[in-house]
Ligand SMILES: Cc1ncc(C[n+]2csc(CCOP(=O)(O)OP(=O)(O)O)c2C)c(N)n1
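Only one chain is included here, represented as structure tokens and corresponding to the form predicted alone.
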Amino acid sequence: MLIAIGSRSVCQSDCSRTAYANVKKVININGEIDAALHYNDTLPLIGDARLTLLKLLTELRGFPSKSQGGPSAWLKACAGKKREWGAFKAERYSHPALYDDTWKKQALTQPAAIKIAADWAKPKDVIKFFDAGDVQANGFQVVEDESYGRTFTETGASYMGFAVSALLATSVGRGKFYALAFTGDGSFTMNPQVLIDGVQHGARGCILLLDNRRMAAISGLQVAQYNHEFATSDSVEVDYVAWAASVKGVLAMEGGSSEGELTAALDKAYAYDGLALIHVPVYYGADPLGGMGVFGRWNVGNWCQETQSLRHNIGL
């Protein structure tokens, strides 16, 4: 059985419906009717997921435990997988920079840069916005909030430029707050208008531009699916710091290639009363320590015959 909670059930979460090969029944807790009925053989629980889960927990606590003398085998297996995942992340955080062939120097990995910035944001109660793409794919797995409403993203709908545009909320919202927009070079290029709008409307926040000179999410999926990447990178050099600095009122700077340099840049942006942009060259390459990995089978570009066959055979 699959229990889906708040999922849009797009390829990012279910590998084009092939992630759950053994699933026959589904319980879907969702506020959207269409999303709740996405799979066959589904018991939909439609409404606020948090309130629904609280109600379910209250009911479940009324049943006696079937395990005696400690956690069940299933719970132990889950705990073991969680430890594996913790070790997987820790190994990447312990190698924050790798040599990059494009930049011809050491560059922060995307997971490390996101981890550094997210840890910096937490004690300051800085709101985080995530753009579509590889930044978002890594952010889903790196960010560990302890309070509700501290991270916002467009949940895999691929609205490039969402995060940087969302910075306008710092000036037009009902309450003033500081925000950090995590974006890639591609997503930022889709909506650089925020540099002008942000100054015009008094936005106070920072654009953290993680630049790998490619559409890294698609590159990774192409390699995982086809063992080859195609048309997802370019050789054009863009000086994003000069671009941002050309707009009077924007503080623009480089974020460096280490935790200390990036943290110092974030501190400088936070102290600035206005809109800032920090450009960080990030690693892209074959080293597995450079990312959080690409898992499962996805229909990327032209549909894959194997994925389509599995999808129809599984019947979800």
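Definition used throughout: the rigid core is the maximal C-alpha set that superposes within 1.5 Å between two forms. Keep in mind that what you see is a predicted model, and the values were worked out from it rather than measured. The numbering used is simple: start at 1 and walk along the sequence shown.
Although it is not shown, the form predicted together with this ligand is what the next lines describe.
Asks: Verify the flagged residues R204, A244 and L275 against this ligand in the predicted bound form: is each one within 4.5 Å by a non-hydrogen atom?
Replies: No: none of R204, A244 and L275 comes within 4.5 Å of this ligand in the predicted bound form.
Asks: Only one of 184-192, 168-176, 83-91, 144-152 gets a heavy atom within 4.5 Å of this ligand in the predicted bound form; which is it?
Replies: The contacting stretch is 184-192.
Asks: Identify, from the list A118, I127, L98, M215, the residue with a heavy atom within 4.5 Å of this ligand in the predicted bound form.
Replies: Only one option qualifies, and that one is M215.
Asks: So which of A132, L180, A107, A113 gets a non-hydrogen atom within 4.5 Å of this ligand in the predicted bound form?
Replies: So the residue touching this ligand in the predicted bound form, by this definition, is A132.
Asks: In the predicted bound form, does S158 have a heavy atom within 4.5 Å of this ligand?
Replies: Yes.
Asks: Relative to the superposed rigid core, does the CA atom of A231 travel 2 Å or more between this form and the one not shown?
Replies: The answer is yes; the displacement is at least 2 Å.
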